[in-house]
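Structure 1 and structure 2, given next as structure tokens, are two forms of the same protein chain, each shown alone.
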Structure 1
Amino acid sequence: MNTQKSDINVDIFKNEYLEPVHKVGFWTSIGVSIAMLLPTIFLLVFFEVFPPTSAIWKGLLLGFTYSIPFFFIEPIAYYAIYGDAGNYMSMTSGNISNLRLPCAAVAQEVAGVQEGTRVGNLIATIGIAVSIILGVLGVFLGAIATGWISNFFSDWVKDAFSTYLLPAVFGAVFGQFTLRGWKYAPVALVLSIIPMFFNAPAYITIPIAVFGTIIFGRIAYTNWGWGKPKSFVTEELPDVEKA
């Protein structure tokens, strides 16, 4: 599919794509942030209900303890895979590891493009955007038709989806990328498993696994030439600096 394709000129990419993406991404992300506060504001204005401050602090402390490390780790770890637009969309809609990244990865695989290139970013954007639009439709149906959905499927099927689909997604994406970099796969697994034996929390283990594997990749790239291209994604790459 990609044989007659070309990568995109860096100036066109920056001016015609990145700039508008940042502009719209900034305002829509701010908009979603404000919209998240609306339920609490509406509840206060229309029903005069607002929880006590002491409980709020306690609840937020519990909530932030889990989420704050991921505010930093996730964008840095995932950015290399999905680029700028992918980051805006993933950070405002969530479900990154189980839905956005697999869709971005398959889109890139189907298109036969290399991750990290400008074309790769655009293809990942399509994959993620499609997953969000479908996700909203699916969740809406789920919200209004829960009873019907519950009755339609057997307990066996519901348990299979609720418990075993997610591990299969993780295994499948890991397998897909093992094909592209099988030499790094054991390192990623070992770096993930070792901290788990010390009961390290996810916000410690994920950076070790991600950045440890990247550091290993750097060492292997510099010293042993692993990953240095013999053939590139696209036939012609006129000015392939960075996306």
Structure 2
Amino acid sequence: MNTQKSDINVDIFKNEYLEPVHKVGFWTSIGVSIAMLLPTIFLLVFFEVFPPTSAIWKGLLLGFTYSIPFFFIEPIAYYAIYGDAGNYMSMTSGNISNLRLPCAAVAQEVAGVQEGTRVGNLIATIGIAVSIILGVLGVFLGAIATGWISNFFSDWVKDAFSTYLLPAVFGAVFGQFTLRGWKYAPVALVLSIIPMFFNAPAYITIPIAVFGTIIFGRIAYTNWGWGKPKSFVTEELPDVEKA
């Protein structure tokens, strides 16, 4: 019997949490977008350095072929896990699939809450916020120490990090979510492997895997009852006779 429920009032969650999140998130996103142009403006104003127009268009076209699919895929695929505030923070801080998403999932796992719920939304937000704070500290320390420490690594250790670190993170995330819904894991895995077998680029492989798994999950939920919570058991109270 499923007895888990959210203890957050819908109106309070919407008015006191979501509305401020969207206000702050909107202007923060605008500010981050402007800040990304500041280095280019600095080089132009102080050093009169500016790339040729042909190089700009070439770079944009190459970038768009890869980033435009993810512009639609990532918010849809990740939103159910980390919610509104997590989406704003993740999109502006980066490292979503290899850092923000795992941190949100681990935070929910430790707290014992379900993704897609209001409580899960809040827990994921806390996990991502902590990951950003520690990430800034880690990048600062890493920029100072990593270069020096890596000089003592053997070549095979460096190759192992560059080759297997990111796949290991993705594998761990896949394994964690497999434990939550193991019936869907083989389908997601097959939908990922088939495009890779034909050497399809990432912007084709990922949409097939993401949306294919979503469609299969919807069909399984609607027609086969996979993932549906069991009905709550309610106790019928005896009628009270009116005086």
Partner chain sequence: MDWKAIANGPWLWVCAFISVAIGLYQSAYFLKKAVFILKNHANYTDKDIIKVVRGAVITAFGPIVAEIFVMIALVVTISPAFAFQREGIGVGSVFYELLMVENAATAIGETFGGEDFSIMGFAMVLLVANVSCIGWPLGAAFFTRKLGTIRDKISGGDISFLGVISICATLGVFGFYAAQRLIKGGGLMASVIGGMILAMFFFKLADWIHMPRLKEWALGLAMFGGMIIGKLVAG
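If you're wondering where the values come from, they're calculated on a predicted model, not measured in any experiment. Residue numbering: structure 1 sequence, from 1. If you superpose the two forms and keep the largest set of C-alpha atoms that fall within 1.5 Å, you have the rigid core.
Note: the form predicted on its own is the second of the two, structure 2.
Relative to the superposed core, residue 160 shifts its CA atom by 2 Å or more between structure 1 and structure 2.
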